[in-house]
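The chain below stands alone, shown as C-alpha cells; this is the form predicted alone.
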C-alpha cells in the first residue's frame, strides 16, 4: 500500500482528476454557514456552545440539515459523532473521512472547529451539485466534545475509558450523560470504534490558532503532526517563618525558589533551538499571607514538541537547573508526571505531499509546520493515513470571541481539501 501511494504521488497530474479540477467551492456560502452556526450559543462574552449544551444540540441539528441538503445519509454513532455518508462507485472500498468539531470552549469564537466542519460540508455539496460520483465512499464527520478531551475521536479509536465518561463536562453533565443527551449511547460505546483499515484516509481542515501563516504571508499550512504534551505537578517545599524576624540570608522561601524556577524553564526552552514550547501556567503559595515567608508552593510544568525524546531532554535540562535552585534556596522540588500524557502524532507523509500538490495546483503557497494544539486528527492517526490543512488565523488569536479567519483564506483551505480528497480517491 505505502509503495503504491508513493508512486501515485510522484506521477500525479491535473489530468488525473478527469476534468474535476475546475470545481471551486463557494466562499460566500461557506461564510454564511459559518456565521449561521455561530448564532447557536452566541452571547455578549463569546460563544457558549460547549459540548452537550442546548446550544450544541441546536448547532448539531443545523449541521445535520446541511448534510441532508448535500444528499448525505446521516447517522449518529454511540459516541454522539455525526456521520454523513455519500456512497462511491465501488462499495467495497473504504471511505475517505474528513471533518472536525463544532463544540466551543466557554467564551469561544466562531472559527475553531467550525471551519473544518463547514468546509467538509462544502466539499460534499460541490460534488453533489456537480453530480460527481467518485470511487470511494465519503464520510463527513462532526466529532463530539473535542474541547473536553477529544471524546468523539477517542471513542472512534476505541480508547474512551469509563473514567473519562464519568468526568464532568463544561455543560454541567458528565460525559456519559452528555453523550446520551446528544443522541449517542454510552452503554454501547464500543460500537463507535473503527478498526485500522476501515478508512482510506482522514483529513481535517482547521484554523492555525497561531500567527505563523499570517506573519509569513503563507496561504496553507501542511501539518507535520500534532505535538506531544507532558504535564508535571510541581511542589516546592521551603519553611514558613515570620517575615519580620527572619533575616534574608536565613530564609527558605519557596516562592523565591518558584520565581527562579519559572525563569529557569523559560531559559531552557529558549536556549535550545527548535519549535518546542514550555510553560508554567499556574502557581500558588502557602500560607498566602503578606507577613509570612511562603513555606510551600504548588506549580506545574507543560512541555510540547513533535518529538517525545525532545520533551524528555528538555525536562532533564529543567531538572539540572532545579538542582542549583534547591541548593541555593535550601528548598526541595518534587515533580509528578500527570497522566495521561499526549503522545506526538505525526501525520502521514504521503498525505502531506498530496496536500502540497493540491495547494500548488491552486497557485497557493504552503508551509510545513507542527500543530501546537490538540485536534481530533491526532487520534485518527491510529486508524488511517491522516492529514491536516491549516489556514491563517488573524492575529494568531483563538479560543476567544476575537478569533477570525478571512473568507478567502477559508475558501483556499476548502479548495485544497476538495482536491486532496480527489487525489486520494485516485489511489486504489
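Because the structure is predicted, anything quoted here is derived from the model rather than measured. Positions refer to the first chain, counted from 1.
Although it is not shown, the form predicted together with a further copy of the same chain is what the next lines describe.
Engineer: Can you pick out, from 350, 173, 251, 313, the residue that has a heavy atom within 4.5 Å of a further copy of the same chain in the predicted complex?
Structural biologist: That would be 251.
Engineer: Find the only residue in 168, 133, 215, 91 having a heavy atom within 4.5 Å of a further copy of the same chain in the predicted complex.
Structural biologist: Contact residue from the list: 215.
Engineer: With the distance limit set at 4.5 angstroms and only heavy atoms considered, check whether 244, 284 and 302 all reach a further copy of the same chain in the predicted complex.
Structural biologist: Yes, because 244, 284 and 302 each have a heavy atom that approaches a further copy of the same chain to within 4.5 Å in the predicted complex.
Engineer: Within 4.5 angstroms, counting heavy atoms, which one of the listed stretches 218-226, 204-212, 96-104, 136-144 is next to a further copy of the same chain in the predicted complex?
Structural biologist: The contacting stretch is 204-212.
Engineer: Looking in the predicted complex, any heavy atom of residue 276 within 4.5 Å of a further copy of the same chain?
Structural biologist: It does: once a further copy of the same chain is placed as it appears in the predicted complex, residue 276 has a heavy atom within 4.5 Å of it.
Engineer: At the 4.5 Å heavy atom threshold, is residue 294 in contact with a further copy of the same chain in the predicted complex?
Structural biologist: Yes - in the predicted complex, heavy atoms of residue 294 and a further copy of the same chain come within 4.5 Å of each other.
Engineer: Would residue 263 show up as a contact with a further copy of the same chain in the predicted complex if we use heavy atoms at 4.5 Å?
Structural biologist: Flag for residue 263 set to yes.
Engineer: Heavy atoms within 4.5 Å of a further copy of the same chain in the predicted complex: does residue 289 have any?
Structural biologist: Looking in the predicted complex, residue contacts with a further copy of the same chain include residue 289, since a heavy atom lies within 4.5 Å.
Engineer: Heavy atom within 4.5 Å of a further copy of the same chain in the predicted complex: which residues of 367-382 qualify?
Structural biologist: The stretch 367-382, when checked against a further copy of the same chain in the predicted complex, contributes 372, 373 at the 4.5 Å heavy-atom cut-off.
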